[in-house]
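Below, in structure tokens: the form predicted on its own, a single chain.
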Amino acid sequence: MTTIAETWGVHESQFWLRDEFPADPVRFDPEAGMWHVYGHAEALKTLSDPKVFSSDTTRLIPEEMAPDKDQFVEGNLLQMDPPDHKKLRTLVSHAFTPKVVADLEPRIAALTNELLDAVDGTDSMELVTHLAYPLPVIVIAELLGIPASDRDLFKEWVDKLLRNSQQRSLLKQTEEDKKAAEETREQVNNLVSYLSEHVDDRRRNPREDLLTKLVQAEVDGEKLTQNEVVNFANVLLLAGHITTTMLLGNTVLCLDSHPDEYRRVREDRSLLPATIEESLRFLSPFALVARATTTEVDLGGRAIPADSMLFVWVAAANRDPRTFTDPGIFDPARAHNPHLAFGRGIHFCIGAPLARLEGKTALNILLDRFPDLRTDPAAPPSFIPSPNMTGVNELRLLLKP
């Protein structure tokens, strides 16, 4: 049977897309000086215990490899542990409550229709350019209160960030690694400078938006620093659109590659939520999260020392045959699907309900407006060139019979 990796040309190191799974769910890489976690049970353990598996991994990165690392950690929710993590997460939790998210559905539907109006009457569209990227970035930009019209700038910076999102070693740094790290810093600085200007503006001119709420917020009686607000907003902007962009492209690709499932979803839209969940498992957008041990711990039968870096491959865990029956098969009717695509524990993606709503709303409208939608056989999809992510870079779709 032809695998995804062979058909779609994904990154060579993404073995799980070749329907392969390692004999050892936890493995040490002596050349890189870090541990790799592939098993579902093992990944679940690391994501659920922040006392032992810290999210603050920057402390293990040598200073010479990331000389300005501290600048981008302050206020970065993804790198924080309790109790600071809970304090900052609480500040934005009100923006992602079930009611607030549900109330966004009319706006998401209107945006989807507006974006698809631009390709109505044409023979084809490129999904990422015309819908999968602009839709979620406009939604999160409007929530934050930054101009959605600047989305081409965001895309330029983010595309370069994703291109350099590669696996690194803690023991050595090649010239290629140094060049990639420098370009990453450049793009992060672009985003930070951009957001800093808007933060400064909110201090002078408060508005009814999330950025103003962050500027005005207090934690333990103290306002957030400039770095905290900017880095916090940066995480929300990036995480607030990248997952949905990949989710939309991956789900369309999965359906197109499985005609029977595609037909069932077209005929019965109540199947769409489960289809999205299976897409998240089958092609997990963020394939990797990192953790640092705070004490010696047994994981998967291996004794891992304190202060060890762990690369937790959630995309591989979502294909673990010990947890999922026939993990290499795309099966939206899967009865048991405890995938980890949105994480688990205190760092479970705060925007997961919004991503799911954006996916369901946009896909419903897409299928309604273009019932003959299908991939263009003359233009194979291209994927983000990083083993750390699974998502289409470009997906050309035919719109007419």
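In this text, residue numbers run from 1 along the sequence as written. The structure presented is a predicted model; accordingly, all values stated were derived computationally and were not measured.
The discussion below concerns the form predicted together with a small molecule, not included here.
Asks: Thinking of 16, 329 and 391 as the candidate spot, does the small molecule come within 4.5 Å of a heavy atom on all of them in the predicted complex?
Replies: No, none of 16, 329 and 391 comes within 4.5 Å of the small molecule in the predicted complex.
Asks: Given a 4.5 Å cut-off on heavy atoms, tell me which of 301 to 309, 127 to 135, 221 to 229, 237 to 245 is the interface stretch with the small molecule in the predicted complex.
Replies: Correct option: 237 to 245.
Asks: Taking the small molecule as it sits in the predicted complex, is residue 60 in contact with it (heavy atom to heavy atom, 4.5 Å or less)?
Replies: No, residue 60 stays farther than 4.5 Å from the small molecule in the predicted complex.
Asks: In the predicted complex, is there a heavy atom of the small molecule that lies within 4.5 Å of any heavy atom of residue 95, even though the partner is absent here?
Replies: Outside the cut-off, so no.
Asks: Can you check whether residue 355 is within 4.5 Å of the small molecule in the predicted complex, heavy atom basis?
Replies: The answer is yes: residue 355 has a heavy atom within 4.5 Å of the small molecule.
Asks: Does any heavy atom of residue 351 come within 4.5 Å of a heavy atom of the small molecule in the predicted complex?
Replies: Heavy-atom contact with the small molecule at 4.5 Å: present for residue 351.
Asks: So which of 211, 140, 188, 272 reaches within 4.5 angstroms of the small molecule in the predicted complex, heavy atom to heavy atom?
Replies: Result of the distance check: 140.
Asks: Which one, 297, 100, 78, 148, lies within 4.5 Å of the small molecule in the predicted complex by heavy atoms?
Replies: Filtering the options by heavy-atom distance leaves 78.
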